[in-house]
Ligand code: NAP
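A lone chain, given as structure tokens: the form predicted on its own.
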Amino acid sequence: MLLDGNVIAKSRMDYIKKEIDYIKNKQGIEPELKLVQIGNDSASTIYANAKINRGKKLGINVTIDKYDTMDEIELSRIIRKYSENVDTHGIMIESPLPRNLDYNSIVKNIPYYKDTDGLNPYNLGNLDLKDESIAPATARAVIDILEYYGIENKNVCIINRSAVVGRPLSMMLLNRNYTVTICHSKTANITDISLKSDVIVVAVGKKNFLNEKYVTNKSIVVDVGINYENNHIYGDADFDGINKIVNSITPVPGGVGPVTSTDIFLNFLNGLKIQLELGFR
């Protein structure tokens, strides 16, 4: 069975637009998300433009500042400017950053309520307290897919330990009573773990990494990978090789991706609501 993310994204888009329209009409504000891009990475530009277009559909003004180069002091100054601007309601630093910039250090300068990426330590810490108002969008997208398809109380193998996917996802799964095992590049027995798991979440950045050796006919595969090759997009799972073996799988594209792209704006919406509760206008 295919776990289609497009239907979930459509439902989430409808909800966000309704909420944004209500806020605009009631508060008389124009919601704005500020993107900051440093360098000329082509994939980053594609993602930024996609956010701009999706924002238009939702009634959110998404604008972008582009810079060729920048040091951390300059970037901190820019973040501070938009953090203090009440007309800017969300801030995202586009990835990848140049090597002279450390995202983990920079994101600490973004107020938690404007942290649309959900990677400020405050927001990541809140996951431990079951407050998922602002959470990393990819991790939230995995949760959305599992919940939409009624996949509950399962043993989950996550092949990723990053702050964007594996770590926040593990906490969000634990909040919902899943049993979680995190695997990574130093894990010696990934196949043994994945074969015993009900759900496998793979995010390693390698085309066709997850093959028939990792799955059974009971496996539910959530493929978070995005790999570009010859103008095509591939996931981390060998879709053609395991689709007829596994119980269910997310396609790439059309699985986690559209849900993640929409959940970014759920973070924005929730951050905007926090700002209104705090009395910002």
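Computed from a prediction, not measured in an experiment: that's the story for all the values here. So that there is no doubt, residue numbering starts at 1 and follows the sequence shown.
Not pictured, yet referred to below: the form predicted in complex with the named molecule.
Contact between Val204 and the named molecule in the predicted complex is found at the 4.5 Å heavy atom cutoff.
Heavy atoms of Asn160 reach within 4.5 Å of the named molecule in the predicted complex, making it an interface residue. Residue contact check for Ile190: one or more of its heavy atoms lie within 4.5 Å of the named molecule in the predicted complex.
The named molecule in the predicted complex is approached by Ser185, whose closest heavy atom lies within 4.5 angstroms of it. Note that among 28-36, 52-60, 242-250, 225-233, the stretch whose heavy atoms approach the named molecule to within 4.5 Å in the predicted complex is 225-233.
Here is the short version: of Leu127, Ile110, Val165, Val199, the single residue with a heavy atom within 4.5 Å of the named molecule in the predicted complex is Val165. Within 4.5 angstroms of the named molecule in the predicted complex, the stretch 250-281 places a non-hydrogen atom from each of Val256, Gly257, Thr260, taken in sequence order.
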